[in-house]
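Coming up are structure 1 and structure 2: the same protein chain in two forms, each one given alone as structure tokens.
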Structure 1
């Protein structure tokens, strides 16, 4: 997949805010914390408070990450509220500590957390943060997709991100700040383009071939071999033994290999997934009018997640983009060069700047 990043072409610049440009960390230097809270792990980075604008282009390369820490799952839907809150506090304090910054240096905290689907979810996490940080600290809580978008757009909120890992979601922002999402509800609510969706369809195809409801497929031998099982009957016990979606989604590479080897069933599953993922992005583009009035406006589509990584001949992400471009010729793909936690931190800087501008401070 070709990678284009218009944010390197004069649209965005990032400078240190407050002119603390030294490479050594000053423990009082204003910092921002960016958190990527996913279903498997939570990552926090501590970065200097950077000035992000759309007028010129001076991206420090590499970006100045002062500290970084990793913890377990912080999705309250998965681990409960107490553990989710404790995990968040722990990972933020550890990132601060490794950066050599004091808690009092924190000016803004921006969290991109999976499981934030409703204002109630946002408010719950904001309440946790208010207990942890003093009142002057600016707090921002977003769905993890927003941080993923920012990781491709370097903190600017414009365009659409498509995440397809274990789950799938599309999330977008228009230039004037409107936002929209599609999918992201988990397997019960039909995220069929996700890694879980692809793998569950593959497992279903094996059962259908076995019990006479579907055609023969290479997936049978390939999946059984990869799971060290001897018969499709054993898949029932295997799926019951651990309902984790990630464990099922881990079968995606087997499906891709079978499709590359010419298996019709595997190809159909991947083509259906491409269709679903393209439809998910299109729904967001349509709602936000990202393509402009004549339909040809340019906008980035940030591609994130294991399903979209271009490491195979059967390139799911590229096919999604091909499909999108047929409808929206101005869509261009972006593969992020920084992790979502850095995206969250840049977003925190962006939000902080805008708030200060609105208040006439800068």
Structure 2
């Protein structure tokens, strides 16, 4: 993929400000925690608090990550409130520990968590955090797509992000701060361009071929071999033995390989996924008017997730961008150079400093 915008180089300066490492009156270096909580895993990074001043330098390169930790799923819709809360607390404390920082050094915590789809979801997680951190700590909770967008824009909330991993979602912000989303409701509600959606259709195609209700496909032998099964009949037991969405989505590479080997069924599944993902982005662009009144306005499309990683001959992300450019010639792809957890930390820094500025502290 190619782009001509500064976003891809990590050379984005924050409007009216530049950032430098902060220092406080106490001996502890102030830090911020950024969390990316997805359906498959949860990652937390600890970074110094990046302070905002009045010139126009760029973000530090490389960005200073003091500590990092990883844990399991923190989506309360998938694992329940108790496990989600425990996972978030565990991963944040581990990141602090590896950084050598104490809880008292934390100035802000910004979480981008899947399953945050309503103000009630935000308030639930904020209540968890209030019991973990001292009162002075500023707390920000967003959907994980917002952190992913920030990882591509280096903290600037503008444009659209497309996430296609286990699940899929598009989320965007206009220049005036309006936001919109599409998809992200999970497999039951139709995230069909997601890894789960692709793999579920592949499994369905194998069963249809076995029954005589669908065409023969390479997917049958390839999937059975990858799962060490001997017959399509065994897929029923395998599928329902574990309800994990990520377990199903892990079959996506098999589908891609079959498509690259010329299997018509696998190719159709991937082409359908491309159309669904493009429609998801288009819905957000339309809601926010990102393309401008004449339809040619420029805006970034940040691409995140395993489904969008280029393969030998089947680059789903590029095919989605190709579809978008036909409608929105000003759309340009951005492949993040930092992970979404770092994007969340940058958002935490920006939210914190802007709040301080509004209150006349800086």
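Numbering follows the first chain given and starts at 1. Here the rigid core means the biggest group of C-alpha atoms that line up within 1.5 Å when the two forms are laid on top of each other. Not measured: the values here are computed from a predicted model.
> Looking at both copies of this chain, which one is the form predicted together with another copy of the chain?
Of the two forms shown, it is structure 1 that corresponds to the form predicted together with another copy of the chain, while structure 2 does not.
> Which of these, 85, 142, 196, 73, is at the hinge when you compare the rigid parts of the chain between structure 1 and structure 2?
At the hinge: 142.
> Expressed in °, what is the rotation of the smaller rigid part against the larger between structure 1 and structure 2?
10 degrees is the angle the smaller part turns through.
> Could you tell me the distance the CA of residue 40 travels between structure 1 and structure 2 after a rigid core superposition, in angstrom?
C-alpha shift for residue 40: 2.8 Å.
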